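One chain follows as structure tokens, the form predicted on its own.
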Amino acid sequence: MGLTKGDRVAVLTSGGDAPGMNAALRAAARVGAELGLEMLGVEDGYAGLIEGRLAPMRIRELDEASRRGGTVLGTARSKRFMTPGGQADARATIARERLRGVLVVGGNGSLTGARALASIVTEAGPLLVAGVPASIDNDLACTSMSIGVDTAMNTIVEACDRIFDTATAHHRTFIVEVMGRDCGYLAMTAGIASGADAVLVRESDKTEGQIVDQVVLLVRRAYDEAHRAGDAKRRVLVIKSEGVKIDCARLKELVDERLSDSPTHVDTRVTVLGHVVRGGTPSAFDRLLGARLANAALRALAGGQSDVMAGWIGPGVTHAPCPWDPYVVLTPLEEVLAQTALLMKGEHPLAQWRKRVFQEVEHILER
């Protein structure tokens, strides 16, 4: 049984924030109103659900917020929700607020929480639950893109373009660390787009010594070739994913030590972009992606589908498009979580393809 007019549906954002989350909230509120549903926003993710902090979603406020990064509902990682006591309190809130559905916008941990909610039975029947993928790391399976990835990638590229200017002016080597956790997608795509000389990702499985050798060889060759050609614009840009298990400061120290005998002085600098990558105005693509995924997910709930995630069609996505959008697929949350686990272990076909492409691109960038 699906949703009927007057049913109450809660929407929450959880885990790390991602540009485009507010656009998803706006779409959920507008589509819900069109379907005659009472849409409620949950403050601070699962923590707010446990504590019963819900309020009506105001469309006009969300219209303005959709242009901004972050999430107007707030977000948090709640360890308490994963305990029996926390889930009991969440069930109490769901019963007290007479919720018939919950829409969760977030990453792997958030969707794991959504899976737990799907087992709840309300007075009107099973609680209807759907997920919308939002993670700048692009580390979720069953969707080719997650909300926030495009904006984060553009933020990195813009930062690298600026760093290139000063690197060229001062003949410097820059090591730029970007977010992405254990997934090198952001680093590699931004590296290609920005024209980086090298990209360091966890998927390459290189040791600390091999990474240092790679950077040293690259710098020596770049400076030697520039010297022979009489090119005064000696500069090197290396993008490092945070999943690479060598600290930027240590990498700089080891590289500088190895280059200390170079006949040409090499000035190495480090820039850690950190949470700058998370923020900022969402790109047009992320706004549309958030809106289209939320639209399909909410309509799926209205039609009686539950325990699913709305994903963007593309590599690694095997299900057929949903009835409401030819680019959106609905995948059972159990399958999403299982496939994501394989992706992070490097055992998923998409992970193996990415690793192969990363290896191919590595040599192309260094030419």
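Quantities reported herein were computed from a predicted structural model and do not represent experimental measurements. Note that residue numbering follows the sequence shown and begins at 1.
There is another form of this protein, the form predicted together with a small molecule, and it is not shown here; the text below is about that form.
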{"query": "Option touching the small molecule, based on a heavy atom within 4.5 Å in the predicted bound form, out of Arg96, Lys79, His275, Arg162", "finding": "His275"}
{"query": "Contact assignment for the small molecule in the predicted bound form, among Glu203, Glu242, Asp197, Asp150, heavy atom within 4.5 Å", "finding": "Glu242"}
{"query": "Option from 285-293, 128-136, 162-170, 215-223 whose residues, in the predicted bound form, bring a heavy atom within 4.5 Å of the small molecule", "finding": "128-136"}
{"query": "Exercise: Gly101 in contact with the small molecule in the predicted bound form, heavy atom 4.5 Å", "finding": "no"}
{"query": "Heavy atom of Arg258 within 4.5 Å of the small molecule in the predicted bound form", "finding": "no"}
{"query": "Heavy atom of Val72 within 4.5 Å of the small molecule in the predicted bound form", "finding": "no"}
{"query": "The small molecule contact at Leu251 in the predicted bound form, heavy atom, 4.5 Å", "finding": "no"}
